[in-house]
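Here you get one chain, nothing else, as structure tokens; it is the form predicted alone.
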């Protein structure tokens, strides 16, 4: 899946649409969206006022849009919008749904019932959670996101290397410690009060979009609120469609997105996954003169060695094969990545063959860049 694919001309791209989510979603063409981020009503069912120890009132979620008559009504609402989400997703698309203990388990079951394939549940651990003022429960310090593919067979996008780079070159875990939306990022009304009670932090959407989309991908947010998803999509050069019914939220979201400046094109290219890199046959290293036939290759500790032949196979005694098959055969392993297992000597130092693969890719890129200039000359 790539942002380079043809975008349906019928799509209301880079717009925040006014209306009920299900009704608006029904107007969009099937298979037209690459990623969905949904922050639906949590159905908190709060009863009575909540006050701090100093008797000040807590600005909790008591809006009409979060109220349902019972769990059956909430389940029907959830099933209706998730059916449309499933229809709208590209066959290789993914959906993120965030919730709390009030609703996320019901959403998870409905996702599976509708054929979505759950990939991860992400715990957003809030570094600055609201205390439990009544002191009768644990502090609710996290929310849960479910990340799911459209189906079990979806070839979904996951920018693994980008997530690893974002996490100081360590594999990204499924527990994310990020702060609540505060300070200048928090939108407020003319009275200085929070405009939206559950505005999500930009850092959360930045990570979601960076993890599962590419430049140019279409991102749908059926519960746009004050526009965090569209704003981050615009910043990261993704296309977006927002849906919201509250006029105050719509006005704030549209203004917010209009003020967002997209990053430069060369600044939004994420770290590529190795499996997406162009394939380099080992034999091409010999053809390019990066590795001479007859060169000795070793394992990291120089306990095993093979000789490079002119056709790109390697030889040990009467055995011959690819760098991968020979690595596996000589170590009695079921498989072997020859690019990292075998090493060559340069300046008295052993270096993995992958170094030469990167040099080959760089050489190829340089030749391709020089070709148009040569043709023009």
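Numbering follows the first chain given and starts at 1. Just so it is clear, the structure is predicted and the values come from calculations on it, not from any experiment. Definition used throughout: the rigid core is the maximal C-alpha set that superposes within 1.5 Å between two forms.
The discussion below concerns the form predicted in complex with the DNA, not included here.
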**Prompt:** Wondering, does residue 280 line up within 4.5 Å of the DNA in the predicted bound form on heavy atoms?
**Reply:** yes
**Request:** Would you please decide whether residue 350 lies within 4.5 angstroms of the DNA in the predicted bound form, comparing each non-hydrogen atom pair?
**Result:** no
**Request:** Give a yes or no for residue 332: in the predicted bound form, does one of its heavy atoms lie within 4.5 Å of a heavy atom belonging to the DNA?
**Result:** no
**Message:** Does any part of residue 161 reach within 4.5 Å of the DNA in the predicted bound form? Heavy atoms only, please.
**Reply:** yes
**Residue (of 298, 176, 77, 117) lying close to the DNA in the predicted bound form, criterion heavy atoms within 4.5 Å** = 117
**Asked** Heavy atoms within 4.5 Å of the DNA in the predicted bound form: which stretch among 210 to 218, 289 to 297, 78 to 86, 161 to 169?
**Response** 161 to 169
**Message:** For a quick test of understanding: in the predicted bound form, does each of 322, 339 and 357 have a heavy atom within 4.5 Å of the DNA?
**Reply:** yes
**Asked** With both forms fit on the core, is the shift of the CA atom of residue 323 between the shown form and the other one 2 Å or larger?
**Response** yes
**Asked** residue 15: with the rigid core matched between the shown form and the other one, does its Cα shift 2 Å or more?
**Response** no
**Asked** With the core lined up, does the C-alpha of residue 312 move 2 Å or more between the shown form and the other one?
**Response** yes
